[in-house]
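First, one chain by itself: the form predicted alone, in structure tokens.
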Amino acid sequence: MKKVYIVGEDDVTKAIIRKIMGKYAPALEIQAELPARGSEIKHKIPEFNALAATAPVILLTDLDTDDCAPVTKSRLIEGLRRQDDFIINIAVDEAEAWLMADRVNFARFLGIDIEKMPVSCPQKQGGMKALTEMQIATKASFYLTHSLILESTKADLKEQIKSHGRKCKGKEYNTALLPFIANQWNPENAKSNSDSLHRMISRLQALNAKYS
């Protein structure tokens, strides 16, 4: 087993890394989860890159306000020679969009009709080629906590996830989503609706093959 480090900006992104590794990269084993909130990742990139010279580092962060994933990646590694085993992944537009990309299982989890789930479509993101991603009018986490969860027939789940007052997410947001990621989310289903997810899976498969 090859020891690797993982970096995620929150509990959801780290859970997604673990799930994808478990399904597509069985030769890799997590040595440690490196602490970094979303706002800290940019400043810690040199540290992560240096570490990747000794052991693979797998990072997952959100697209946020950039036009496309390559732009975000370029900004993150600006001025650095990226180590081959520093695996940078960008979720378009947020990791929650990857969860929604498994439309059948996420609809079942929320207790809503599949027709109420957002769909994917080809989108121009600054490059020459249109890429398939989920079509969501707002940031995915905002859409989940302010709109989609309100359609849920599961009262307890609704209280866990929905926005309360000034808080953008429910107090038990992670408590609700983490078991879904571990037990119900199927990235094989989701990758057909998200090219950015598909690319992460391919990168981890290649890293797994390298160390198998």
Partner chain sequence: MIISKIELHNWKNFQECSVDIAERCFIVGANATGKSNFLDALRFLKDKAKKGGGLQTAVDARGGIKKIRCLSARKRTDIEIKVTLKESPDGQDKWIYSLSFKHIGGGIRPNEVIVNNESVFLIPQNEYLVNRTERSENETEDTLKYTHLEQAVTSQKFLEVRSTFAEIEYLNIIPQLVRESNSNPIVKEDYFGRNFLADMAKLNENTRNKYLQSINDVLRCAVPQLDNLSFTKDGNGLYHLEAKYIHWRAQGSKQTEAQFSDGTLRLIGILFAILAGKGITLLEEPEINLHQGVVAQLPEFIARMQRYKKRQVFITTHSYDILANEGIDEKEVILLQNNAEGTIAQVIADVKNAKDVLDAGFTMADAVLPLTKPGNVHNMANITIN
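What you see is a predicted model; the values in this text were computed from it and never measured. Positions refer to the first chain, counted from 1.
The discussion below concerns the form predicted together with the partner chain, not included here.
**Student:** I'd like to check something about L51: if you look in the predicted bound form, is any of its heavy atoms closer than or equal to 4.5 Å to a heavy atom of the partner chain?
**Tutor:** Within the cut-off, so yes.
**Student:** I'd like to check something about A27: if you look in the predicted bound form, is any of its heavy atoms closer than or equal to 4.5 Å to a heavy atom of the partner chain?
**Tutor:** Judged by the heavy-atom cut-off of 4.5 Å, A27 is well away from the partner chain in the predicted bound form.
**Student:** So in the predicted bound form, does G165 come within 4.5 Å of the partner chain, heavy atom to heavy atom?
**Tutor:** Heavy-atom contact with the partner chain at 4.5 Å: absent for G165.
**Student:** Is N174 close enough to touch the partner chain in the predicted bound form, meaning at least one heavy atom pair within 4.5 Å?
**Tutor:** Yes, N174 sits close enough to the partner chain in the predicted bound form that at least one of its heavy atoms falls within 4.5 Å.
**Student:** Suppose contact means a heavy atom within 4.5 Å; in the predicted bound form, does that hold for all of R103, K116 and P122 with the partner chain?
**Tutor:** Not a single listed residue reaches the partner chain in the predicted bound form, so no.
**Student:** With the partner chain taken in the predicted bound form, which residues across 1-15 come within 4.5 angstroms through any non-hydrogen atom?
**Tutor:** The stretch 1-15, when checked against the partner chain in the predicted bound form, contributes only Y5 at the 4.5 Å heavy-atom cut-off.
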